[in-house]
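In structure tokens, one chain follows: the form predicted on its own.
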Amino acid sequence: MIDEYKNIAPKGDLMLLGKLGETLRSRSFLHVNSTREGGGVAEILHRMIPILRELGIDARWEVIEGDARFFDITKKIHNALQGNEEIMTEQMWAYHGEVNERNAKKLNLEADAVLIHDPQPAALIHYRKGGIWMWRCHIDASGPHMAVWNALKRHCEKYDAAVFSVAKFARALPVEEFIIPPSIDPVSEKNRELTAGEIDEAANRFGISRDRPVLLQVSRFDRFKDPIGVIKAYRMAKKYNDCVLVLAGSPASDDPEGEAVLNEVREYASDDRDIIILLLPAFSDRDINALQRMATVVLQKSLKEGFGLTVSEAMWKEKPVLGGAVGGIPLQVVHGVNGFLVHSTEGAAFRIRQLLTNPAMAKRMGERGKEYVRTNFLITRQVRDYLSMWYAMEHRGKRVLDL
């Protein structure tokens, strides 16, 4: 499997991966999150676990179970970390702890290194059974609702380390902190090269006209992704440039608000035949790949965003991206070089028109974007960073080996 990346990923990343694999061979590395499908965390883990195993590491992935009440609570925590004013009672926090306790009794939490992803399983730290425990926050926590953050912090400060996607997301904690951005897998079904026939087949199946420019946003149906704002920007641009808008997303089992937001979007777009809304089943990777490759311009007009893997996915396919100037998107989009950062609906509409009327500029931006992703946001780099963090945590205060 690692051989597939030889002519794609930077050579230095692959060399260091080999050295780290030799050093950590036969050691155990456990990841825990809240869903096996839907969202970037699950997507990365599906691809990362096999790579870790090929390096000789005993990698496992466990998923905590919870009911509707639990995921309603964790959605409030998620939204509060992104700045919403959410009311979290002591009863809610107690139930969050109860669910974590039940899962701790069922799951095998023994490993040399344990990486807990996001707030849902954060309380598992109280049931650790040795090893290095690290908490990974994929959320934009740069301006959280402080009462909720302070309550969650009671768990986070008991870890050995905390990991954030972007430096400005990091919160003050009495533990080691690392900055590790997420990544995409260039050889996965979602990002591999497709034939023209495969792209055409998907366009025909979804009823997408190829005789006009296609605007695309791929994301969960979440208010922070601003799908209504995308429709407004499209309508402004369409007055001058005839085009089609596609909004595509998949449900996530740990997001109870998705259906309500989808219904709002359908109602808002109902009178426009050139707006195509697609609720794709989980693991629709090739369809998403085809949608991104047929797009003229890809949007990720988020109001809050932990990182936004769809930005790097589109850039890998040499598409110019319009991204909200929030969260981890500015880490990926270099404004005016490989895409544009936007601050408003009107700004998004202006940049859409600029790209549609200047295809040569759009092509240059797409080409630069692919190289930027190759250098910074491929999965080989993220695996390298996780293993380097684990190695560093185990060798604190010791003489470090010459890797």
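Computed from a prediction, not measured in an experiment: that's the story for all the values here. From 1 onward, residues are counted along the sequence shown.
What comes next is about the form predicted together with a small molecule, which does not appear here.
Heavy atoms within 4.5 Å of the small molecule in the predicted complex map, among the stretches 265 to 273, 87 to 95, 216 to 224, 127 to 135, onto 216 to 224 alone. Looking at the small molecule in the predicted complex, residues Gly39, Thr310 and Glu313 each place a heavy atom within 4.5 Å of it. Taking Lys190, His117, Lys301, Lys319 one by one, only a single residue has any non-hydrogen atom within 4.5 Å of the small molecule in the predicted complex, and it is Lys190. Among Gly249, Gly327, Pro144, Pro121, the residue placing a heavy atom within 4.5 Å of the small molecule in the predicted complex is Gly249. By the criterion of a heavy atom within 4.5 Å, Ile73 is excluded from the residues contacting the small molecule in the predicted complex. Residue contact with the small molecule in the predicted complex: Ala237 places no heavy atom within 4.5 Å of it.
Within this chain, Ala295 is remote from the site of the small molecule in the predicted complex, having no heavy atom within 4.5 Å.
Interface membership of Leu245, defined by any non-hydrogen atom within 4.5 Å of the small molecule in the predicted complex, is ruled out.
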